[in-house]
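In structure tokens, the next block holds one chain alone, the form predicted on its own.
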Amino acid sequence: MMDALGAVASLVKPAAMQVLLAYERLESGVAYNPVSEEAARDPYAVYRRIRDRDPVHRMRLVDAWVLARYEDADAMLRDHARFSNEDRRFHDTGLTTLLDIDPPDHTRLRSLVSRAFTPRSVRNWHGRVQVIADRLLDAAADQDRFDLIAALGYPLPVTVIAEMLGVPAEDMDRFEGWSNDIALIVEPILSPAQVEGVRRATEELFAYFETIVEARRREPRDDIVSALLAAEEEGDTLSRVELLSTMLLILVAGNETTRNLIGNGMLALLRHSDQLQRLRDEPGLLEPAVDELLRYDSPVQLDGRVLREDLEMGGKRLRAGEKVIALLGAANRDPAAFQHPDALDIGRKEKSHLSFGRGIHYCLGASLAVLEARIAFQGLLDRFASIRLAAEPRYRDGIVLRGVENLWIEVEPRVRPA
């Protein structure tokens, strides 16, 4: 969290920050400091206070409304007419993606990209994802201690996405650097240096993608880039920037969400050994287990919009042009929507978490992320008779994206019949 604290310090003097937080607490009974050590360690305790005391809350540190109840967050995400994705950013990074536009441009662009992520298309990838996961686990199988993120959590999704885009998987070390920098674009608090880092990484990745695009124009393949170029030739409007930014979004989002899901999910299971054992005993619970892991510690914690018109919510008057942030992590722990919300229950019946969003901006790659997570968790349980947490992990810096930087585990291989 030190980078986020540094970003705040570069934008707001520490003394001024304390004044803002004190004023916020005075007017509402609670203050939300998303870059505090407490929020980094356990954001859910912070969310609980906001939800209990002031669920439609004015956060002064970044001057935005935050919604902590499931009902309000769900309503915001579904209502793209009044809650716009355009101009929702807190920084001008020079990059606009599918996440930052409204209909009709959003409808046109998403319809082109979504063909690669239909449930049927994703099912066709099952065998290939399994092969990649098996290969990665084979490489780790002779170790009794390894970092799950480095061994599986990062390379599995980035390899799959690279193959879908038709880019060389051997460049994944470069993708990791670009992805880490560009993913900061969603954060509400960035230093000038971080904004510049987003711009630089975007330029470098665009230049890299240009060579892929030109190669596919000459020799199309069975990949997303070739499909987008074919759609362009059939008359669908797709500008150069739209093509490149869409490729960028698929690479970054496809990597970040699944990496965090695998890391956060496995950590939650390791900290709840009864649920890990239950999953071993009842493998049929794998599907609801992944849903529950998404709810319990969401890879994406916040999602923002800009109001198009004045409205009242939770007894507060919100004005057109103001920014509104749905606390997805808070909504997923709302007792009005989930029984015993702070408990991990892999057999939970309620499945309507907000971790993939709602409405027209529902996560395009949700089915793929779930498929990869199921294969990853099943592979770990099949190979290892025992999995234990070897060291307390460090969370990656960020407010919106929540995930561990590393996850060191100790394992004992399952004894196979001779």
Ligand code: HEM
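From 1 onward, residues are counted along the sequence shown. Not measured: the values here are computed from a predicted model.
Omitted here: the form predicted in complex with this ligand. The next part is about that form.
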Open item on the list: To verify the annotation, which of these, 225, 266, 250, 185, has a non-hydrogen atom within 4.5 Å of this ligand in the predicted bound form?
Closed with: 250
Task: Heavy atom within 4.5 Å of this ligand in the predicted bound form - the one residue of 275, 179, 332, 257 that qualifies - done: 257
Open item on the list: Please pick out the stretch from 189 to 197, 292 to 300, 335 to 343, 129 to 137 that is in contact with this ligand in the predicted bound form, where contact means heavy atoms within 4.5 Å.
Closed with: 292 to 300
Open item on the list: For this ligand, considered in the predicted bound form: do all three of 88, 99 and 357 come within 4.5 Å of it, counting heavy atoms only?
Closed with: yes
TODO: May I ask you to state whether residue 368 is within 4.5 Å of this ligand in the predicted bound form, using heavy atom distances?
DONE: yes
Open item on the list: Can you tell me if residue 77 lies within 4.5 angstroms of this ligand in the predicted bound form, counting non-hydrogen atoms only?
Closed with: yes
- [ ] Classify residue 261 as contacting or not contacting this ligand in the predicted bound form by the rule of any non-hydrogen atom within 4.5 angstroms, answering yes or no.
- [x] yes
Task: Exercise: residue 59 in contact with this ligand in the predicted bound form, heavy atom 4.5 Å - done: no
- [ ] Sequence order please: the residues of 116 to 147 with a heavy atom within 4.5 Å of this ligand in the predicted bound form.
- [x] 117
